[in-house]
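Here you get one chain, nothing else, as structure tokens; it is the form predicted alone.
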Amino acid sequence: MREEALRPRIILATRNQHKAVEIKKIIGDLVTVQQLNDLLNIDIPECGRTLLENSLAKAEFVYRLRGEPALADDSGLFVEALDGEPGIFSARYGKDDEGRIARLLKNLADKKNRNAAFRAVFVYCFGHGKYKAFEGECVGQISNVPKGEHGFGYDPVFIPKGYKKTFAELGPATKNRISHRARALRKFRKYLEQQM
């Protein structure tokens, strides 16, 4: 407990519990990750036109609010045959995960090209106008039907390159090694280690 109290604290600007768990698994031994939910009940609007704009706005908002280093991310699924949809609107593509997946599969029903990429941008804000951005990408294919019980979001229909199973079938250990968020967070982890 004492060791944890000595670690620097970062406020995580997300209400998504699944994301928080993934993030803590990758950097939780270096820093104390505090979810904004635990401190305030507030929604941070996403009005940007890119993943970077959304992440930066969220991280700066939380830093201004709390006066502590903040980490925010925005991520999305970019599908070639749909001209990049759902992209930055991935979380708003339907009312829930099931609805978003159903809409995606319906829009891809007559498409042969199933290429897609998950992209994530994390922004670490540590002062007024001071921030660092870390990007990650995982390319793959969209399956014809949802499969698997693990994960969240589009995990049941995303098959990462080099695998025959969806993220939801592969489980968290594999996902936390190869996902877009994992790749971005490893870059962030390296940055943190250099600062310590």
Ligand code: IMP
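Residue indices: 1-based, along the sequence shown. Everything numeric in this text was worked out from a predicted model, so none of it was measured.
What comes next is about the form predicted in complex with inosinic acid, which does not appear here.
Non-hydrogen atom contact G153 with inosinic acid in the model of the complex at 4.5 angstroms: Output for G153 is yes: heavy atoms within 4.5 Å of inosinic acid.
is_contact(E46, inosinic acid) in the model of the complex, heavy atom dist at most 4.5 Å: The answer is yes: E46 has a heavy atom within 4.5 Å of inosinic acid.
4.5 Å heavy atom contact, F118 to inosinic acid in the model of the complex: F118: contacts inosinic acid in the model of the complex.
Inosinic acid contact in the model of the complex: D74, any heavy atom under 4.5 Å: D74: yes, in contact with inosinic acid in the model of the complex.
Heavy atom within 4.5 Å of inosinic acid in the model of the complex - residue from K25, R9, K187, K19: The residue from K25, R9, K187, K19 that makes the contact is K19.
Interface stretch in the model of the complex with inosinic acid - options 32-40, 129-137, 62-70, 154-162, non-hydrogen atom within 4.5 Å: Stretch 154-162 is the one.
Partner contacts for 159-196, taking inosinic acid in the model of the complex and a 4.5 Å heavy atom cut-off: Heavy-atom contacts within 4.5 Å come from K175, H180, R181.
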